[in-house]
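Presented as structure tokens, the chain that follows is alone, the form predicted on its own.
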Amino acid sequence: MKHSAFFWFVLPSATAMLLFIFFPIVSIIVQSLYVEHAQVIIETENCGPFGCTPTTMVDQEATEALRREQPLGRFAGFTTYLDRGHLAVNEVAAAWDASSGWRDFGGRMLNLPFYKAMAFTLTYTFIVTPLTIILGFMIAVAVNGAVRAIRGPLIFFSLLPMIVTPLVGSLILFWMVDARGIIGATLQALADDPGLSVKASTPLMWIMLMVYGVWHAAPFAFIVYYAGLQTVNTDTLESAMIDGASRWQRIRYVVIPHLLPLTTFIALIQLMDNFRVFEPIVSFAASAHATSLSWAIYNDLGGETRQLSSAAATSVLTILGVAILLSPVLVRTWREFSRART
């Protein structure tokens, strides 16, 4: 392809990436270095027949003039990143000095909002991602091995969790785990505990959020793997069958190596999506038991007092977290590409 043709071919995509990805990220980074101006306070005296008393009040005109003069706010550098709501450097040092061991130190760290959100985010990511890949692969193999006449309905029902809007799907599961729902009532009967409540238990709520995550994301892995199964060399499979290979051996030594590039692709997508978990926490009203980095951003931007600097700092830390998670997979992919070229 000529350089001119390649330039015009990638120009629309490059322009969209600059407008909707690069420039917003730069804007967020800049905003995270500024904090909102403090209100201008003036002291006045209220005088009456019994004397004068000093009072303080907000000078609205001076405050608005300051905001117009410096719309980004007051430059604070990395102060927001180091405060208690984020990396909490001072609090971490104090917790380390006061702790009697790693377990005590970990418990103190989980009292800090950022590390509490990070703990759930990483747990959710590292449990949901492999389970999604495994379940999607199993469904794809099962559907591909089914009779052709029923493959269509099987594919349709397998894709239903992905078709349903995430908010609606999580609300359905939320109602099912209620004490009056089918899952909640079943758990109470199995545990012989009428007071058992998934919504009141932090471990059960974490499990339910992860169950929903796997349920919702498995169809994506399934459809990718199912498409990949259609490209497996049938001659190789037939040769393996003639040589006496069992079904499991054919899957292990023929199918899985063939689908390994697709596994890398699914892992990349799922790592990014799961690290930004948000909808289930809101739909399940689970913020008392589980918070994520995306929920922290939403919480900073909600309410009457929007904490733009705090939300921007959490966004930057989330982007860095995604980059760190993806780096091993990207490095491995680059090495395989380099070996293939040579």
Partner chain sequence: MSIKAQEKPLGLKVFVLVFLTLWMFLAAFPFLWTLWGSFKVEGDFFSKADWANAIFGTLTQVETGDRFTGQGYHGAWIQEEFWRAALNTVLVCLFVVTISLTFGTLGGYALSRSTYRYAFWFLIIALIFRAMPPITLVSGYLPVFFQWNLWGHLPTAIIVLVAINQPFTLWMLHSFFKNIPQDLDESAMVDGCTRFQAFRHVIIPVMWPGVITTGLFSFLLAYNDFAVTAMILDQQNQTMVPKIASFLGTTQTKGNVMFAVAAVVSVTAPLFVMIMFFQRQIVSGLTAGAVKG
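Bear in mind that the values here come from a model prediction, so they are computed numbers and not experimental data. Residue numbers count along the first chain shown, from 1.
Form predicted in complex with its partner chain: not shown, discussed below.
Contact annotation: Ser100 falls outside 4.5 Å of its partner chain in the predicted bound form, judged by heavy atom distances. Contact check for Pro219: a non-hydrogen atom falls within 4.5 Å of its partner chain in the predicted bound form. In the predicted bound form, Phe75 stays away from its partner chain, with no heavy atom inside 4.5 Å. Taking the partner from elsewhere, Val89 is found to have every heavy atom lying beyond 4.5 Å of its partner chain in the predicted bound form. Note that among 112 to 120, 130 to 138, 202 to 210, 90 to 98, the stretch whose heavy atoms approach its partner chain to within 4.5 Å in the predicted bound form is 130 to 138. Heavy atoms closer than or equal to 4.5 Å to its partner chain in the predicted bound form belong, across 131 to 148, to the residues Leu135, Met138, Ile139, Ala142, Val143, Gly145, Ala146, ordered by sequence position.
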